[in-house]
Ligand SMILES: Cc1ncc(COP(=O)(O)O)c(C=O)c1O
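Before any questions on binding or motion, here is one chain by itself as structure tokens, the form predicted on its own.
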């Protein structure tokens, strides 16, 4: 009896499932016929399905709205998109269709904010939450927007930062304070390098903010790198932050917002399980119960979702160039680009993505390692989130095998350096944007062609040689 790849998937997961289906032996991603896309554009190729961004935003908004309605929560909810997850104009353009707010992390994010305002994608009522350790240039640009009347909230990373705004901001200004959360127990450090210690926030406020008529403490912000997860670590940090909020709210009526920090997890396996509804309801209930016990008003809730917003909109499609049997147990599928340069999170922090064949779903299955084109021994992918193995259809001589890594829309271009020089001078793949028309049909746009040799040589300065 032949064990096909489709048999393996249907025996292991519920399939088809959201975003993934197979028709006529070819994979469809969010309804996109990948066969048609490959025939038109070839590989390697990066795709961005823009409607998924709006779907994710609306999903989160509905979750918080339903929980707040059910619990009769008095505060409001504000969805912020973290621009660092993907700075592309088409991403911001799609996200801002959904009445959201923005979070920045560097000086040059402020230039993006100005561009968005000039192009009428945001207004001065849009919240701009400014995070990160602030350089001199960053505080200058934040101050410029504050003086122009933007609804900006610089979140203080340290006590000295306030002096920068005191010297530069003319108008009244809302500010936030970032709480220095404890790191996860297995991390090499105990406390986040960002933020102000729990024990120092009240004294800092009373000494430098409460007596200054220019500033109003609007927000407390806490963030943990592991994101919003149902574990002791997250609930412990949320509890400590709520304690600080309640203590501060009793002496500061201007404090009306809590930024709950961290993002929702992203599906990285067909077997991914996460109860978003439960988590949101538990967070809102925790905040409300704590505030009622302490006798303080419930805060407005801000979230900063980056990966959750954009990751599931992205995919990378490759051709398998050759099969190599290196020993009795190690079989390699060599692809037409580098995994290190297109998906650096898989190499740098061992992130896992959904890996699926695009075609040959009726073919027999075998265990393989996926190898990239660079000369680095770490340019490979041989395990998935649900198993320490990779299975793909067998190669044959009838047609090429195509594979895809899915939900790769967050951070990969930023980390690898979009448009720059890649390891072994392997060019960046072409980038295709996909939008859904009013009649339900799909439209494709080549945002960027595959990087050329000439563009790379120019970056390296070879055009200046005589």
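Computed from a predicted model, the values in this text were never measured in an experiment. Numbering follows the first chain given and starts at 1.
The same protein also exists as the form predicted in complex with the named molecule; that form is not shown, yet it is the one meant from here on.
- Looking at residue 168, you'd find every heavy atom of it more than 4.5 angstroms from the named molecule in the model of the complex.
- Put simply, residue 411 is close to the named molecule in the model of the complex: some heavy atom of it is within 4.5 Å.
- A residue is said to contact a partner when one of its heavy atoms sits within 4.5 Å of a partner heavy atom; residue 262 meets this definition for the named molecule in the model of the complex.
- The shortest heavy atom separation between residue 305 and the named molecule in the model of the complex is within 4.5 Å.
- For the three residues 84, 131 and 223, a heavy atom within 4.5 Å of the named molecule turns up in the model of the complex in every case.
- Residues placing heavy atoms within 4.5 Å of the named molecule in the model of the complex fall in a single listed stretch, namely 215-223, out of 199-207, 215-223, 89-97, 318-326.
- When you look in the model of the complex, the only residue of 141, 360, 249, 178 with a non-hydrogen atom within 4.5 Å of the named molecule is 178.
- Put simply, of 237, 103, 312, 379 only one has a heavy atom within 4.5 Å of the named molecule in the model of the complex, and it is 103.
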